[in-house]
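Only one chain is included here, represented as structure tokens and corresponding to the form predicted alone.
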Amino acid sequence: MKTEINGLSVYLSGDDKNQSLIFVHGFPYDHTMWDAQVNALSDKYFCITYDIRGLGESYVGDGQYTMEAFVWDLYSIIDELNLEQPVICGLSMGGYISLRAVEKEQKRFKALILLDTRSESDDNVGKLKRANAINKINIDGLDAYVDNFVPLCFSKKTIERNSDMFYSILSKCKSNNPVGVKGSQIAMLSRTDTTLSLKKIKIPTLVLVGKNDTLTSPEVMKKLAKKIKSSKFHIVPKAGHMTPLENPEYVNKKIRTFLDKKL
């Protein structure tokens, strides 16, 4: 079922009496990147996906976004749906949002799932990359930027093995509003560093990363996991940065096992 909350397109699946599970997508994707997880888990969990502000079908506005605004949007969904301690699951930019949301108000959440993300804020090199990305969209257009960036998110074998999925995702990314895509870059550039707060995370935490992720390496994610007490860490085979799309069976199994044991 689709609904709208605070200008966001929100999608609900499963029985709302069950434990709620919110999925927060990566950049520059939309809620559909979680379809395989929703299909696999909505029999036992109340699954919520949504399009982050500026992406998919959510409100775009002026594109002047911050990471804090993305967190406020997440809280607005929790409050509007009256969710009691949902599990939060975020990938890449969705992980940035999830980590900051937990840092601000950990008591709101029952458990945390992080995929292919990092706790560090951008260093100078990272800030310049985001500035150059915005400039590329302004000069060459969104299609050219997407054609350059999105293939970096997938392992080469995934693109060869599952080309229909890859090109479908590529097309969806091109359908975003350029203002929203640039706004997401501004928000990621604005984010604070959440590394020091990792040791304060007490809720059950699952950390997953693609074996062939070149954007957020297994080494980076392993270091993150070690800072979170009693977290579970797994490397996803046959996957790059987009683990839920590249190896959904493995990801679904690890998430279900984690939830069934910890909740």
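No experiment lies behind these values; they were computed from the predicted model shown. Just count from 1 along the sequence shown to find any residue number.
Below, we turn to the form predicted in complex with a small molecule, even though it does not appear here.
Enquirer: Just to confirm, with a 4.5 Å cut-off on non-hydrogen atoms, which of A101, M93, L112, L83 contacts the small molecule in the predicted bound form?
Expert: Residue within 4.5 Å of the partner: M93.
Enquirer: Quick check on this chain: which one of A133, M188, V71, L142 has a heavy atom within 4.5 Å of the small molecule in the predicted bound form?
Expert: Among A133, M188, V71, L142, a heavy atom within 4.5 Å of the small molecule in the predicted bound form occurs only for M188.
Enquirer: Which one, 22 to 30, 217 to 225, 43 to 51, 58 to 66, holds residues whose non-hydrogen atoms are within 4.5 Å of the small molecule in the predicted bound form?
Expert: Heavy atoms within 4.5 Å of the small molecule in the predicted bound form occur in 22 to 30.
Enquirer: Report yes if any heavy atom of F149 sits within 4.5 Å of a heavy atom of the small molecule in the predicted bound form; otherwise report no.
Expert: F149 belongs to the contact set for the small molecule.
Enquirer: Since only the chain is shown here, I'm wondering whether K254 would be in contact with the small molecule in the predicted bound form (any heavy atom pair within 4.5 Å).
Expert: Heavy-atom contact with the small molecule at 4.5 Å: absent for K254.
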